[in-house]
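Taking the form predicted on its own, here's one chain by itself in structure tokens.
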Amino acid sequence: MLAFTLRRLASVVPVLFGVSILVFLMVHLTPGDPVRLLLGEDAEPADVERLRAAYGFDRPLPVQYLLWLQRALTGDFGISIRHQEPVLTLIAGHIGATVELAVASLVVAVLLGIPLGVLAAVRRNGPVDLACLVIALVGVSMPNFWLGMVLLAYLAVEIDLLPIAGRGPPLLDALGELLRTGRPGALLDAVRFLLLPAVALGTAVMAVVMRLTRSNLVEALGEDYIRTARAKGVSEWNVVYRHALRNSLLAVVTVVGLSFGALLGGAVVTETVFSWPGLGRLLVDAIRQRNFPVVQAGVLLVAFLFVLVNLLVDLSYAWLDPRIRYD
């Protein structure tokens, strides 16, 4: 297990190196001059050239990349062109909101998707199974931005049940306050702001988890070891949950891990609809403003988190299925 983990961690280096090259080339070869956007079209040519030289944009692209890579290896990703503050400081102020939203979306997807998938598999070919399949089809077909606007229109505007936009207290801070003081006010406030975007973003993942759980569990329930367990008098609860479901979760865990990585980088639309101050909105604004240092560092961070989550998913296989070994 340790050797496998070290090999996988070593493989992160070339992946991040390749991502850094691609992102650097893409942001620098797109039309638009960040200095012109910052100074305006009426700026004097001498001022434009002076600022370009200050940011190093007057040098050849290979030189710019090598200088950026040298600083990045020491943890210095430069200064934001638009905000005039360190890029890492800027990203650190937004990544927590995106991770919080992604985790909450996965919690919604897992807490709804797995039980509904189990229910559909146990009651397969019946009305319950049909209803679950319809829910899964609708969930995977709806764009998350459309679902978000529908939820806002009815739950936030029409009946004023939940906040319309923005973010409440950070969830971890609210949990800490609950543990310190015993007052749940901050936690309830954080959940109220988080609920709508989490449901909007997690519905499609929930539909995939539900369908995958159902199909894998139906297959597992037809295996010989399940018939043997039933013949020995094992209760149906233990047959389904302790034997069949655990062996059916490998593919589900894979999907959940990949979905978490995708949610980290793909929550842009949901963050825009709900005015959620996350990394997605920051990167979209940075791309529009040609804020190269922020785009490069943000994409590199998302790539690292994606690879890290995939590693954790691979390690979880050995816990779910004792037959799997990484020796």
Partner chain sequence: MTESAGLDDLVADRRPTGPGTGEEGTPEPGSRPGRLSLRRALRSPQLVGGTVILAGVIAVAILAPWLSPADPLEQNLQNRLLDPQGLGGLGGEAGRAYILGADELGRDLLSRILHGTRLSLLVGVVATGLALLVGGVCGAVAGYVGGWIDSVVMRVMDVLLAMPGVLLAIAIVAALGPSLTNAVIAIAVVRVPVMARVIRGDVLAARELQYVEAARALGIPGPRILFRHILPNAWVPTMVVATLGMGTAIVTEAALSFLGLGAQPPDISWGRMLSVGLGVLRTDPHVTLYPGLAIFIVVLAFNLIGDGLRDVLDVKSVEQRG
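The term rigid core refers to the maximal set of C-alpha atoms that superpose within 1.5 Å between the two forms. Numbering follows the first chain given and starts at 1. Bear in mind the structure is a predicted one, so any value in this text is a computation, not a measurement.
What comes next is about the form predicted together with the partner chain, which is not displayed.
The partner is absent here, but in the predicted complex a heavy atom of A153, alone among L73, A153, L179, A231, sits within 4.5 Å of the partner chain. Contact check for W276: every heavy atom lies farther than 4.5 Å from the partner chain in the predicted complex.
Mapping the unseen interface onto this chain, V309 falls outside it, with no heavy atom inside 4.5 Å of the partner chain in the predicted complex. In the predicted complex, the partner chain sits within 4.5 Å of a heavy atom belonging to L137. Taking the partner from elsewhere, L111 is found to have every heavy atom lying beyond 4.5 Å of the partner chain in the predicted complex. For the candidate spot formed by T5, Q84 and L282, no residue has a non-hydrogen atom within 4.5 angstroms of the partner chain in the predicted complex.
Partner proximity in the predicted complex, defined as non-hydrogen atoms within 4.5 angstroms of the partner chain, places exactly one of 157 to 165, 170 to 178, 183 to 191, 111 to 119 at the interface: 157 to 165. Put the two forms on the same core and the Cα of M26 is off by 2 Å or more between the shown form and the other one. I287: CA moves 2 Å or more between the shown form and the other one after rigid-core fitting. In this overlay on the rigid core, S259 has a C-alpha that sits less than 2 Å away from its partner position between the shown form and the other one.
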